[in-house]
Structure formats: structure tokens, C-alpha cells
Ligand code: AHR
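Just one chain follows, in the form predicted alone, and it is written as C-alpha cells.
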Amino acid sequence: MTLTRRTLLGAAASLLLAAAIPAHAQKPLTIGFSQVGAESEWRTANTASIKDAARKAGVNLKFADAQQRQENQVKAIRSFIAQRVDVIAFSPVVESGWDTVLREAKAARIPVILTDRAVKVSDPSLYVSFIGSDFVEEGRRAARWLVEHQKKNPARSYNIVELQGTVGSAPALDRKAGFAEVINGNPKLKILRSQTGDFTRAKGKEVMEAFLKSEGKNINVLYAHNDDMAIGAIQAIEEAGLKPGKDILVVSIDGVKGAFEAMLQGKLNVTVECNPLLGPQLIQTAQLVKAGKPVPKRITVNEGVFPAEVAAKEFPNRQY
């Protein structure tokens, strides 16, 4: 067979294949993504992961920053519906209040994927999959570390202050529940105060200052729902003339580089990992959904616990 004939046959085959593929499948996948905001190192890394994965996969990503306001996310989702994107994905600011807008997406036959945070809806079919961490287990892991630490100092009791995440958000509710589940009934561990720091460094510092004014030296443990609040609280502890990591143990969640730097300085005792690099899983799941393939309703990421003792070894491996 001549080269010219091979080329013509190849071109004909390509045309037949293209004709057999639906028109929508020949277009780049378009995803509308609504992000919570940019309140922390974790969130910044999460956004970067999603944008990078979309770029590498040739996906058209329409990105909206909700600035931690649910009404902004609802507006963004409705905009994505109007634009007829292929898939809508979002990390919800809070758990509740999504039924109406998700029904609108379902009526428009646009599948919805949740990332990082879950929602509470009356109809689970309003979203196809949730990709993220087990926040309850993260709270348990933080508490288990503290329980084991207390066992090494059996004569000592620990008074805890808790910096909660955004009120009504899945990680705040679940990390609080998981932590409480493990320490409940332990006479050596007591939560003195618990208040939201809204997942931000500035608010974490502000609330910790208030805790120190009201409870003073009664505090010997800080449990923060994320590293950024913990880092802000560390500043407040130092300004009060106390030593974070020694006078007040600091236990937090996320595992960002800032937490490892604090551990290397002896100011933070342990961080429980919450992996933000969800971009590749999100893009792959969206591609499968658009192709009509089945996907798991719940996709969990693998994570670890990093006490200060391993910070020096682990720090060079951190990607966020």
C-alpha cells in the first residue's frame, strides 16, 4: 500500500470516528468552580491545585471566589447554570441552605461535585460525588495525640481552649465533634472555652487574646481547627509573655508549611494533615461524570499525623 493511500485511509477513518463522537464530546470540558475564598494557606494551595490540574487536562475552568459568603456561591452556581457548563463543582461555605440552587442545577441536567466540604440536603441525588477529607476523623486524631501526651504525664490535667472554624461549616462541626468524642469522659482533659476564629490567622489571634484575658494561665492546651488560626494564636500567646508549645501546647489541623515551620521553632506540637491537593481527583471525576461513567459517592483522600518530632524530616517533602 502506498504512503498516499495509507494517509487517505487514515484521514477517512478519523472523519468517521469524529462523526461517531457526539459534538459535545469533541469540545473541551467546561467546569464551573466556586471556591470558598482565600482565607488560609490551605485554601490557597487547594485553589492552585485545581487550576493547575484543569490547565494540564485542557479543561475550561470558570472560577469564582465566594469570599466566604454563601450568597456569593449561590450566585456563582446560578451563573454557571445560565452558562450551561458541563459540570459544576464547589467547596461549600456552610453545610445547609443548598437545596434550592442544587435543584436548579439538577433541572438543568448539570451534575454537581462537592470538594473539601460536604452539604446537608434533603435529596442526596442533588450531587453526584463528594471528594474530601474525613473531618470527624481529623478531630479524633488531634484528640488522640493529646490523650497519648497526657498519658506520658499522668499526674497532670489539661485545660483546653478551642478555636473553631467558620460557624456552620462542615470542617468546623466535624472537627469539633471528633475531638469531643475522644476526650469526653476523660477527667484529665477539659475544654474551658470554644469560639470561632473563622479559619483566619487574624481572627485566631484576636480570639486567643480574649481567651488569655478571661482564662489566663489556666490554659495549657490550644486546639485549633486549622493551622492559620493556630499561627495567629501563637502570636497572641507570645505577646502575653508565654511560650507556645511549652506553656501552652498547640494542636492544629491542615499540615501546611507554616505549621511545619512553627513546629521547627518549637511553637506548635502537632498538626493533623488535611490534604488540599484535590485538583487531579476533581478533574478526573468530572471527566468520568461527563462521560456517563459511575463514580463513588464519597471519595476520601489519604492523610497523616505529624508531631513536632518528625517536622525536620518531613518539611522538605511538603508541597503546600
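Just so it is clear, the model here is predicted, and its values are computed rather than measured. All residue numbers are counted from 1 along the displayed sequence.
Missing here is the form predicted together with the ligand; even so, the following discussion is about that form.
Residue stretch of 189 to 197, 210 to 218, 168 to 176, 242 to 250 approaching the ligand in the predicted complex, non-hydrogen atom distance within 4.5 Å: It is 168 to 176 that comes within 4.5 Å of the partner.
Candidate spot S40, R43 and H225, all three touching the ligand in the predicted complex (heavy atom, 4.5 Å): Spot residues vs the ligand: full contact, yes.
D116, heavy atom within 4.5 angstroms of the ligand in the predicted complex: Yes, D116 is a contact residue.
Distance check, F135 to the ligand in the predicted complex, heavy atom within 4.5 Å: Contact check for F135: yes, within 4.5 Å of the ligand in the predicted complex.
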